[in-house]
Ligand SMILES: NC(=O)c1ccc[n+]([C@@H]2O[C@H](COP(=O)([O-])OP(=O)(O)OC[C@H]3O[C@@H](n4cnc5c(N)ncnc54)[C@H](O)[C@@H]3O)[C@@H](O)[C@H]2O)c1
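Consider the single chain below, provided in structure tokens and representing the form predicted alone.
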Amino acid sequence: MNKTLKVGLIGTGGIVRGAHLKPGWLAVPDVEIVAACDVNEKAARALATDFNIPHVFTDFRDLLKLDEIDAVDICTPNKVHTPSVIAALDAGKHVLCEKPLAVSTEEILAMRDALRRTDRILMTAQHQRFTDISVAIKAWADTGALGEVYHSRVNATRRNWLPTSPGFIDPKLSGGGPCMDIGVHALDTALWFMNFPRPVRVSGRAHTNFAKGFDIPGGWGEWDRTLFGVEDFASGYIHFANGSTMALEASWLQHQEKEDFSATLLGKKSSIQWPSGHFHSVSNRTLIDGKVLPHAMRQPGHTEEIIAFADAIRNNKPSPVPIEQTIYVIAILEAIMQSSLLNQEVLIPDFT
């Protein structure tokens, strides 16, 4: 594809203004943003005015009727992802969609069916894969330096950073709390480093410990306690088909020194910590400590993911974040919540 890539935006909230549009799409050559859509018409028109976007809609179905649009970028509340993704694919558009791609494996499988019948590109916006340190750690791990990973510890926890908008805290819009919101990023990145071993069973717990009260002040301000209907903490223990295990924690509010957004992978040759890049190993009975460093200057993760998405469209490449991987990310997160509800371990089927 040599012509200008024409893009429509579905959802015009903060993630679009602060990451997907600028610097995101505006950093990609030969791209034109031709339409913006939001149920909040005022927000959509404000974005269109600020960035000279010619068409404004309040229904994504109307945006998808524009034949000139090659691709859409979906940044709506989680529960709206599935209908808009499937409609966009069926309309012949390539799709970039914010995480989590969906909040259930049933919805992901419906997207996969749409993808197979339309032969378009669908990419989950897992921007943590595209940061400079993540790319460097992945390249290091792919040399075999880790060896067989037998266990990993994955954290996406905060002291007092709870998102306040209904799109995050109302289950009718979000479909989940920090497990789906930030746990998805840390989990996806860790699994990517490990080349996505197949999960087979999960046990988990989810709690609302602090979000209904007023003891912990919100770093982003106050939220509606009566509307809050998701967990503020979740933990899971995952078993993989290759014998590896993983412990995952996700929280918006809890007593800790600072945010912990990290993963530690324990391999039989060495271990690696993300995002610090510190690794630990041994050679000839000598303990070795080192650090993986980014080998190239890269743009912010959101920008790099959009560059990769545009490149895949133009050069007929596979999705940079294939749905076959995203299925298992969502299956694990869904299983954590189901396990907590049922108070028992949950099995994950083989989705191949």
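All residue numbers refer to positions in the sequence shown, first residue = 1. The shown structure was predicted, so the numbers you read here are calculated from the model rather than taken from an experiment.
One more form of this protein exists, namely the form predicted together with the ligand; it is left out here, but the text below deals with it.
Novice: Can you work out which of 107, 232, 181, 188 has a heavy atom no more than 4.5 Å from the ligand in the model of the complex?
Specialist: For this set of options, the contacting one is 181.
Novice: If you check in the model of the complex, do 156, 249 and 262 all have a non-hydrogen atom within 4.5 Å of the ligand?
Specialist: No, none of 156, 249 and 262 comes within 4.5 Å of the ligand in the model of the complex.
Novice: Heavy atoms within 4.5 Å of the ligand in the model of the complex: which of the stretches 206 to 214, 74 to 82, 252 to 260, 239 to 247 has them?
Specialist: Among the candidates, contact is made by 74 to 82.
Novice: Decide whether residue 15 counts as a contact residue for the ligand in the model of the complex under a heavy atom distance cut-off of 4.5 Å.
Specialist: Yes, residue 15 is a contact residue.
Novice: Can you check whether residue 37 is within 4.5 Å of the ligand in the model of the complex, heavy atom basis?
Specialist: Yes, residue 37 lies within 4.5 Å of the ligand in the model of the complex.
Novice: My question is simply whether residue 165 lines the interface with the ligand in the model of the complex - judged by any non-hydrogen atom within 4.5 Å.
Specialist: Yes, residue 165 lies within 4.5 Å of the ligand in the model of the complex.
Novice: Hey, in the model of the complex, does residue 93 get a heavy atom within 4.5 angstroms of the ligand?
Specialist: It does not: once the ligand is placed as it appears in the model of the complex, residue 93 has no heavy atom within 4.5 Å of it.
Novice: Of 256 to 295, which residues get within 4.5 Å of the ligand in the model of the complex if you count heavy atoms?
Specialist: Contacting residues: none.
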